[in-house]
Ligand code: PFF
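Form predicted alone, single chain, as structure tokens, below.
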Amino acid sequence: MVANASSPPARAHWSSRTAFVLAAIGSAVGLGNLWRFPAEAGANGGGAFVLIYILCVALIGMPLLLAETLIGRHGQRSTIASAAYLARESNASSGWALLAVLGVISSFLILSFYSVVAGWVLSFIATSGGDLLGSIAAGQPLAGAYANWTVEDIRQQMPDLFGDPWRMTLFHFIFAAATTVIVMRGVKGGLEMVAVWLMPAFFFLLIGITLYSAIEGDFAAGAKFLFQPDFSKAIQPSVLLSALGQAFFSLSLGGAALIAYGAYASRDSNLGGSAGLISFADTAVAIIAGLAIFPIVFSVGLEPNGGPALMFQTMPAAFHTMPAGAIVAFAFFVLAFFAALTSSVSLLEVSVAWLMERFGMSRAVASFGLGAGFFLIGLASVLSFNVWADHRPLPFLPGFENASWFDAIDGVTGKIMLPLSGLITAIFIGWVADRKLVNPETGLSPRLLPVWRFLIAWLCPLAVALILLFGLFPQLLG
């Protein structure tokens, strides 16, 4: 039975504000925090980029994060239904729910390739775990990672994995199954359990690796690379856009996960304060990750780089010659797994909650069906690294002529769907939704409320429109 449009269906809630904040932080913190932010900062002005990034989080990311969570908390429904409900109550067209429709579709598609990447992490957990057990069996638990391998062999792990579709599929399946089972267990037994247990463990491992990096690595060089300001780079439009885009995507905006999680927040949760905590924690993780990674990289004479190569080639090679490298390598990939899993469950919950409410499905059926769906779609991303390496699914779309399946899904969701959803959200909350309904949901003080209203109505739409424009037409940057 379809849920009654006039009253919210009975639904579970987070057991506490702490659980809500931890779950939302888990949704925001992902693999991108571990490889994208540090490299972006180092390549785009160091400390100047970090400063601009923090300003973008405060002035654009946080207001949008609050806007998304209040849509969910006000509606107490699934993402699409919550957006449509607020629109109807504001005497506006329910077509504004397009912001959530885009979020639901993009989250599902993102999950299909995100699970593949998380499968790479599982593969490296298996190899680094086996290496650690071998070191312990040999009576050398403090040996470097992959002690009996050459650096070339260590770097070759990633190309070898890409060339083995069966192995990639196996780990993609394991991760997809784990995500599905957790979401199948519900809000308190699944989503909240993961947040309450894995996020503290994540922070513990991150701090531990950072302390190790400070002691054994070249902390001065890493800090200089990450924080030394280079304002000649920072004033370039491309760098400003990179900081803006990083702030938007790092907080998981546009994907409707925060609307879904907001719907489980109780009425006594202060959304404004929670938005601040979530934004601060996500930013802190990104910066600390840089302090954990770059001193290790520089201490062994390697060059920092971005993307998957940083995590799956550069870091394993760095751990090779470091004391207790086998232990730290295993801990590093477990850390990455925690980040991936807390994000993936939020991505799946978006579409599961909608399917349950729209069609009256049980959580088990909806979770299993959608889990099988994103796993099967993800096989296209798996094959794009080997069997379908030469296949281009979108040759007719400008900017995607040479994109593989993996790159095409990543590009369409990241460059088009997420920013478009964020733009519609900012316009809807800033200009369309009834202020008498929206303002009380924020929990902001009388002094902060006008500031937020200015940012969400004016600055956020302009900033997200720039992300959308230059993402589609990068040549405009010159």
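Start at 1 and count along the sequence shown; that's the residue number. Take the two forms, superpose them, and find the largest set of C-alpha atoms that agree within 1.5 Å; that set is the rigid core. Given the structure is predicted, the values throughout are model-derived calculations rather than measurements.
We do not show the form predicted together with the named molecule, though everything after this point is about it.
- Though the named molecule is absent from this view, in the predicted complex it lies within 4.5 Å of a heavy atom of just one residue from 444, 31, 59, 412, which is 31.
- Proximity to the named molecule in the predicted complex, taken as a non-hydrogen atom within 4.5 angstroms, holds for one residue of 292, 257, 83, 329, which is 257.
- Of the stretches 247 to 255, 357 to 365, 373 to 381, 118 to 126, only 247 to 255 has residues with a heavy atom within 4.5 Å of the named molecule in the predicted complex.
- For the three marked residues, 114, 343 and 346, a heavy atom of each sits within 4.5 Å of the named molecule in the predicted complex.
- Though the partner is left out of this view, residue 168 does not reach within 4.5 Å of the named molecule in the predicted complex, counting heavy atoms only.
- Using a 4.5 angstroms limit between non-hydrogen atoms, residue 110 touches the named molecule in the predicted complex.
- Using a 4.5 Å cutoff between non-hydrogen atoms, residue 421 does not count as a contact of the named molecule in the predicted complex.
- Shown alone here, residue 69 lies farther than 4.5 Å from the named molecule in the predicted complex, counting heavy atoms only.
- With the core held fixed, the Cα of residue 38 is displaced between this form and the one not shown by 2 Å or more.
- Superposition on the rigid core between this form and the one not shown places the CA atom of residue 452 less than 2 Å from its counterpart.
- Residue displacement note: residue 53 has its CA displaced by at least 2 Å between this form and the one not shown (rigid core superposed).
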